[in-house]
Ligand SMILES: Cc1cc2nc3c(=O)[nH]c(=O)nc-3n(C[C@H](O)[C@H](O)[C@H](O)COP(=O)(O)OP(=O)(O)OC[C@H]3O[C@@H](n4cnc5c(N)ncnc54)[C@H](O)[C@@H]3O)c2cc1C
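Next up: just one chain, as structure tokens, the form predicted on its own.
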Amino acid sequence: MDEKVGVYVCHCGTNIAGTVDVEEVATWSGEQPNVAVARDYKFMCSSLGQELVEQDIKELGLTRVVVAACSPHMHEKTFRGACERAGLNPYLFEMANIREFDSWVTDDREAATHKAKSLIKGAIERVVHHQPLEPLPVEINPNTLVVGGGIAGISAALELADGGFHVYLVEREPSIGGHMAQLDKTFPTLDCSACILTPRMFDVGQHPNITLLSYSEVEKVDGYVGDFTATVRKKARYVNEELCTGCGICVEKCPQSVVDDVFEAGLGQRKVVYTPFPQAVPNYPVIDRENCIYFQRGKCKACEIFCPTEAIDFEQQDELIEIEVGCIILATGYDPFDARRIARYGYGQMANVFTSLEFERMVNAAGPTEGRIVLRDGETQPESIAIIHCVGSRDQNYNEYCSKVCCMYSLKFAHLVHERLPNAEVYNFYIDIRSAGKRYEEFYQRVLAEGANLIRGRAAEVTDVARLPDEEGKLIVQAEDTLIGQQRRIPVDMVVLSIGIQARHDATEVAQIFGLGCDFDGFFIERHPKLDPVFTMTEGISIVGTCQGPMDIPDSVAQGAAAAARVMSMITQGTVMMEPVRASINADQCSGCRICNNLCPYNAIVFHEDDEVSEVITALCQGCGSCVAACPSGAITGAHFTDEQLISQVVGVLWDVRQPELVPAEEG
């Protein structure tokens, strides 16, 4: 082919040049067929590097461009933009990753240089077969779906609503608020959690631009960026919200109060008719069907008898609602780590071992003990408390990652104990203290000054087996103090396990509904961890808060606002351009086997019964290539990933391996 290819090899400081002989690679590249110019430059992604590409396209008449640098996820869009500004179709560009795939994986300079040549050769051979492509314009529906009513979802919803755009906020619990609603104070400022959260909850409930669908779940999502259709199941409360005044008489008169209260972390019990907490939004009760006497035995109906507005409706059914939106923001939150999984700490076996969430409810003035720190008997105040950090986090047996908030809330607990029980001894068992946020280190120093005992070392076990007289009736924490190099046995009255954050138990199922991916820890995967931390690979769907990974309240709020800003940007544009890398089916070759229909993760392929052929709905297709690879008839072509392009790339990569079956016929 008579093409003029420009090859540009990036030093990336020493990231690439420290291992690869960049100058030699550039010289070698210039000797390859179809290459009109080959250069190396310190930082190709810089403004000067991009201008170099633009200048050569204009002055040398380049028809194709190859940049050998870092991952395409990082800068493919950057260099496509440079080509476009110079008048070259951006899809006549190819990027060779010689950093992550080469220089970062070896110290062998000779091998790294050779591999860089192979990757670049493959890119050169591929790019000459590229075809010009044009982005697909899509109009954006101005409505947005926010899934999850914790602080991240609330922040995103309010930002969009205040900007004048309509939001559907779907929350699976009877009230919004999430885990933040369970907290007492927030570090490092010790603000009342409810004082921060509940005004924002109220704003959500009253905002004219927000449709709140609590006690609801998204069951299905169809469509594509700009035109999603979500099917939401609004579960039956058995309370007519239009008639209910939230007076609470039904809760008061309900005779059944034997259900562990999830909001109180199991420390208290609730009625079968209940409102999750006093500041709940919406403030309507819900009937727990599984434990209701009427639904079990057909008797009772006390709530219905005493309701002054006749709002109780035992015949109410789940309702399916279809919502049409342009963008979706997922803020589905996290699950607390189950402390029972670490049996050596005795949670669930020894009465006075508590989780951090239980302790949060205990110290909360609105909690089951009205803020009093007491043992399980409900009366005795502890004289000594051990707080064990990193329970379920930073542990290869459970979760290797840091949960990010445990150190700080454990220090907060130490402060609250000293505040409520000035004479109590507090022991914090930690691996190391991670206080990296704004004013976090100052809070750490404050807790130290208050007299907390910090013991550096992971607690080995918690036992109630006494060996010494002063251990009788106590819980004994066994740990190695690594600062003094000794084993220690510390008897205490109460143990608090600082449990970590983990992905929600149903994250995989939710990911399938929305067409997302999950990492090895179960958290949703963002498009790029640095350059695009809120959007996902599915255009139009973003993730915020702890569904993406562990983060604290300020980070969750910031992410919610960031996602809202991105969505508003798309809405105000009116039309966005979709990537044209899509599959297409040659109807003449299609055998109607339907293999592609069942494989497509985006439901982008339909089968026409009349013609017995399949067709790709271009707007739904995400260009993943599953159908292309699976089609036994070879009837499906992936734009920008044709057989010709891919085979040429393979042949190029194997430029110095003379295997006849891999060498084109004209060279054979």
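All residue numbers refer to positions in the sequence shown, first residue = 1. Note that the structure is a prediction, hence the values are computed from the model and not measured.
One more form of this protein exists, namely the form predicted in complex with the ligand; it is left out here, but the text below deals with it.
- At a distance threshold of 4.5 angstroms between non-hydrogen atoms, Y91 is out of contact with the ligand in the model of the complex.
- Looking at P554, you'd find a heavy atom of it within 4.5 angstroms of the ligand in the model of the complex.
- Taking the partner from the other structure, the ligand in the model of the complex has no heavy atom within 4.5 Å of any heavy atom of F429.
- Not displayed here, the ligand is kept clear of Y345 by more than 4.5 Å at the level of heavy atoms in the model of the complex.
- The candidate spot formed by T144, H207 and R566 is out of contact with the ligand in the model of the complex: none of the three has a heavy atom within 4.5 Å.
- Stretch 181-189 is the contacting one of 474-482, 376-384, 247-255, 181-189, since its residues have non-hydrogen atoms within 4.5 Å of the ligand in the model of the complex.
- Interface residue among G515, G333, G522, G392, judged by heavy atoms within 4.5 Å of the ligand in the model of the complex: G333.
- For the residues G560, P285, G150, G540, the 4.5 Å heavy atom test against the ligand in the model of the complex is passed only by G150.
- Contact annotation for 211-230: residues with any non-hydrogen atom within 4.5 angstroms of the ligand in the model of the complex are S216, E217, listed in sequence order.
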